[in-house]
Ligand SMILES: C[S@@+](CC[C@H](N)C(=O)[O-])C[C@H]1O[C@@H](n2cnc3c(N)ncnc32)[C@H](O)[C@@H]1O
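Form predicted alone, single chain, as structure tokens, below.
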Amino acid sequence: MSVSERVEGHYGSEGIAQRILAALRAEIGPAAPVTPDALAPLDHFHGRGVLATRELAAMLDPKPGEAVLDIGCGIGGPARWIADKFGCRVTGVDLTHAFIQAAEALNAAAGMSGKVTVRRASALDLPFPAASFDRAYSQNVVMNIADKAKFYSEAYRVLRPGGVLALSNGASGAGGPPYFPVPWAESAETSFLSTIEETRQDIAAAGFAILRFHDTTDDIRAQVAGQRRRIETEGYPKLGLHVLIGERMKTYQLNSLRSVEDGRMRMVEVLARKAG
């Protein structure tokens, strides 16, 4: 089985959109509108949820009407949220077929199909002509990708001259490998963390000018510790990522949070610009 097949098997499951919509309607009522904000506890598949998306979007700063690319869009939560808040058009790509199916169903349920489109594709072979997008972003995706050079060069290719790329990446820490399993991988076989310095070098080697490069680990450490304690003592609220992934999500998330706390993983935010 190839790495890409193992990655898709790790993430995918049947009936994702149906589970999410059922959980949402049970909580807010069957007649309540399905909106990006209402879906946010369920469809931002990264450790700090919509808060991390909000921070990344502020750095990306998309303008109304711009074409924005989400590389590794998952089930489309950040794409819907950004399109709704900033008035831009977002295209998402993801390797996992079940995620794309769920994203399409949730786009329709939220009335966002005209603003957000999704395609099943590899980040290493983006199905778009050169210079197609004004801005691009990616959250916690590159940890599944061994060929970092190809990932960043493809992002560079599809951006228009002067376009920007915003990244929220996990990186390896000095404390050893992360505690497996984690949200992106069952084992080290499908986890490809770069160091902080390797991340910087790979982005620059693709041709980008780095405008911002910030290791956020120390900034979020107290928040991470609080999140871990809440999960351990209180469990998940009714609306959470366990609806998307299943009960295994608790183990995944606790391992990820402990990895940050113990110096086994670091988090970095990057804003880079294509020449021109």
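As the structure is a prediction and not an experimental result, all values here were calculated from the model. Numbering starts at 1 and follows the sequence shown.
The protein also exists as the form predicted together with the ligand; that form is not presented, and the subsequent description refers to it.
May I ask you to choose, among T91, S194, N107, T96, the residue with a heavy atom within 4.5 Å of the ligand in the predicted complex? Selected residue: T96.
Name the residue from A131, A204, A149, A121 that puts a heavy atom within 4.5 Å of the ligand in the predicted complex. Of the candidates A131, A204, A149, A121, A121 is the one lying within 4.5 Å of the ligand in the predicted complex.
Counting only non-hydrogen atoms, choose the one of 196 to 204, 171 to 179, 72 to 80, 109 to 117 that falls within 4.5 Å of the ligand in the predicted complex. Checking each option against the 4.5 Å cut-off leaves 72 to 80.
Quick one: is F208 in contact with the ligand in the predicted complex, heavy atoms, 4.5 Å cut-off? No, F208 is distant from the partner.
Distance check, A272 to the ligand in the predicted complex, heavy atom within 4.5 Å: Judged by the heavy-atom cut-off of 4.5 Å, A272 is well away from the ligand in the predicted complex.
Does R48 reach the ligand in the predicted complex if we count a contact as any heavy atom within 4.5 Å? Answer no; every heavy atom of R48 is more than 4.5 Å from the ligand in the predicted complex.
Report yes if any heavy atom of Y11 sits within 4.5 Å of a heavy atom of the ligand in the predicted complex; otherwise report no. Yes.
Scan 139 to 163 and note down the residues that get a heavy atom within 4.5 Å of the ligand in the predicted complex; none is a fine answer too. The stretch 139 to 163, when checked against the ligand in the predicted complex, contributes Q139, N140, V141, N144, I145 at the 4.5 Å heavy-atom cut-off.
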